[in-house]
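Given as structure tokens, the chain that follows is alone and in the form predicted on its own.
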């Protein structure tokens, strides 16, 4: 494997046979994504798009952990900017605009962005250990990455509402049934499955792959960008709400939040 320079030690980037492997490498923090990791991922996707030697990209985690989502402490210290810029939005923009095949392999928890980024992948493989969750409402926030648009389109309003409004974990079998994944493979077979799939993609005509992906994504592109801007604006606004302060305090104090005290407050 040829190493790609990475802006973060927690994002490993290696290229082999035309496939760039991006590995979340912060197992001590359950691969919680920091602003530095978001910046590195955005940079890697941008470089991969521009590099003719890269024909496909894989995003994977560590054995037993894909990502626990945002690093909450880092997120508090480095919140998204009011104008919608910053590393998080840079990563989401790079994810949406990435024009080559993007493949993900998930073993263990995939929380928040760990799940919503899968909506922008072309192929997704899970292990039986995969546990997905979208806890935006639980944290008094709103969905991101265009998930408020993409999830209802993928699985219908009723199922999407259950995932977003209740924010419970769901397993690999449910994710497969809902259309979030292509297959479930054994944990010790996940890397091999990703390798086989991306080798096949790398052997395909790249021009045709890119055009085909573009055709599939194009009808929603403008709408997706509009929704993501709206999500981002509301997300930043919610960070200053009393409900979100309570949610974060409860998280750090390891207790259940009390949102009923804000029942009469304006949204």
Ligand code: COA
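Keep in mind that this is a model prediction, so the values were computed, not measured. Positions refer to the first chain, counted from 1.
Note that the form predicted in complex with coenzyme A (COA) isn't included here; everything after this is about it.
Mapping the unseen interface onto this chain, residue 229 falls outside it, with no heavy atom inside 4.5 Å of coenzyme A (COA) in the predicted bound form. In the predicted bound form, coenzyme A (COA) sits within 4.5 Å of a heavy atom of residue 109.
Among heavy atoms of residue 71, some come within 4.5 Å of coenzyme A (COA) in the predicted bound form. At a distance threshold of 4.5 angstroms between non-hydrogen atoms, residue 29 is in contact with coenzyme A (COA) in the predicted bound form. The stretch in contact with coenzyme A (COA) in the predicted bound form, judged by heavy atoms within 4.5 Å, is 62 to 70, chosen from 62 to 70, 201 to 209, 237 to 245, 40 to 48. A single residue from the set 135, 187, 152, 79 has any heavy atom within 4.5 angstroms of coenzyme A (COA) in the predicted bound form; that residue is 135. For the options 139, 145, 163, 118, the one in contact with coenzyme A (COA) in the predicted bound form, meaning a heavy atom within 4.5 Å, is 139.
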